[in-house]
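Next comes just one chain, in structure tokens: the form predicted on its own.
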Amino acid sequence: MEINGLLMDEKDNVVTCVAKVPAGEQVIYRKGEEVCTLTAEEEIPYCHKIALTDLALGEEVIKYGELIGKTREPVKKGRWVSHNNIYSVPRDYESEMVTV
């Protein structure tokens, strides 16, 4: 069983595929010490994201433990998460800064 997906943070709801994954094949990734699998419901291109759960319209997409966008349409578990079905959300970085 070869790892072909990376979960960047345990809070993430997407995994990045480090190889092209054909529809019907398994994405294999680690969550801590646990090895997890997910069936790709469509082809996932190299270095693209796959949904770990069903994502509703307007749901936050989390990668690196951070908000990277919101869905512009529902995305089912095992489907490709791309610029076609998510959009960026502006952040207020100044309010997020830690002051010492």
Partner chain sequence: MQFWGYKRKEGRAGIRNHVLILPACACGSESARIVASQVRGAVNIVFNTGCSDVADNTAMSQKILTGFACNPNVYGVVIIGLGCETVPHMELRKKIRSMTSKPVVSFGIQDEGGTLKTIEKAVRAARDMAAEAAMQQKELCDISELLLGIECGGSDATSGIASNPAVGELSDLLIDLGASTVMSESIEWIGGEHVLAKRAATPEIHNQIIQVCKNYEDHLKAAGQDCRAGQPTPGNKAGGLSTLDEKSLGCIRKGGTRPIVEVVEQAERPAKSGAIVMDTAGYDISSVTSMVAGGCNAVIFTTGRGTPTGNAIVPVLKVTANALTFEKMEDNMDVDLSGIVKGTKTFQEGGRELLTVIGDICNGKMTKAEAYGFSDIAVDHVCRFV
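Positions refer to the first chain, counted from 1. C-alpha atoms forming the largest set that superposes within 1.5 Å between two forms make up the rigid core. As the structure is a prediction and not an experimental result, all values here were calculated from the model.
Only in words, not in the display: the form predicted in complex with the partner chain, which the text now covers.
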{"query": "Residue contact check: Ala23 to the partner chain in the predicted complex, 4.5 Å heavy atom", "finding": "no"}
{"query": "In the predicted complex, Glu66 touching the partner chain (heavy atom, 4.5 Å)", "finding": "yes"}
{"query": "Any non-hydrogen atom of His48 within 4.5 angstroms of the partner chain in the predicted complex", "finding": "yes"}
{"query": "Exercise: Lys76 in contact with the partner chain in the predicted complex, heavy atom 4.5 Å", "finding": "no"}
{"query": "Members of 75-94 lying within 4.5 angstroms of the partner chain, judged by heavy atom, in the predicted complex", "finding": "Val81, Ser82, His83, Ile86, Tyr87, Ser88, Val89, Pro90, Arg91, Tyr93, Glu94"}
{"query": "Is_shifted Glu10 between the shown form and the other one (CA, 2 Å cut-off, rigid core)", "finding": "no"}
